[in-house]
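Only one chain is included here, represented as structure tokens and corresponding to the form predicted alone.
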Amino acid sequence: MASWSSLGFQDAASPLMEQLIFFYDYAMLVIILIVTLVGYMMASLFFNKLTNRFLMEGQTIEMIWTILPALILIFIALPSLRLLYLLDEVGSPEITIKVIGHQWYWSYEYSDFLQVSFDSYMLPPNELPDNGFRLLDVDNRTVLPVNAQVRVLISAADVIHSWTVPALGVKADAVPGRLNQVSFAVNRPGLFFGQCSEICGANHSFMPIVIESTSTDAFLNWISSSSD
């Protein structure tokens, strides 16, 4: 989870987030090279004495500054398009969850199991355990098995919300009357926190998301206890 003075991404907990971080690092490398080159050229203008009052055109330099940016954009666009298709790929989900955004809580329904649905509210500070996280912990966590392909169907009952878990690389708007879909696989056990990322009213800041990733056996035990 994010903490004070964290300027970068959270540690990736899904293959999608790993790919997003890889692309970010690659794009930042290209940007740093461009800024360095342009900065050097601009700085050199202040310190050289070269002038050419009669220069009307420069075919060579114009070809360079036309072709070079085009090549750079191609080298950025190709991995970007690949990543966009990866993010939209659903594949064969092993578990499907339906998420409904409300003012100001989330409802979850495990479509593959009978009678497994619950509401998830933020824990108020007076009910928070000693090891809890203020404004991030909930009374009912969303439990998922490790290394299972999960499909999440997202909608809303009142206004637009946004279901977001940064460590998983997942963000999708919850729009009333519309189903949005995301897919991911959690590759390590742990707790992963998120929040509504679309301003949805007075208590927008108080509808967190908690994904609890466990082993398959622990997940099946939780499903059995939740169905009773």
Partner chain sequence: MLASRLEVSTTQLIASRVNMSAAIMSSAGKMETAPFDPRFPNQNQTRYCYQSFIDYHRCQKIKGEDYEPCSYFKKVFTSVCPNDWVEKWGEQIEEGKFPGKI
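Here the structure is a predicted model, which is why all the values come from computation and not from measurement. Numbering follows the first chain given and starts at 1.
Heads up, the form predicted in complex with its partner chain isn't pictured, but that's what we're talking about next.
Its partner chain is not drawn, but in the predicted complex it has no heavy atom within 4.5 Å of residue 125. Although the partner is absent here, residue 155 sits close enough that one of its heavy atoms falls within 4.5 Å of its partner chain in the predicted complex. Contact between residue 182 and its partner chain in the predicted complex is found at the 4.5 Å heavy atom cutoff.
At a distance threshold of 4.5 angstroms between non-hydrogen atoms, residue 90 is in contact with its partner chain in the predicted complex. Using a 4.5 Å cut-off to its partner chain in the predicted complex, not one of 121, 143 and 198 places a heavy atom inside that distance. Contact annotation: its partner chain lies within 4.5 Å of heavy atoms from the stretch 174-182 in the predicted complex, the single such stretch among 174-182, 199-207, 158-166, 55-63. Contacts to its partner chain in the predicted complex (heavy atom within 4.5 Å) from stretch 90-110: 90, 91, 93, 94, 95, 96, 98, 100, 109.
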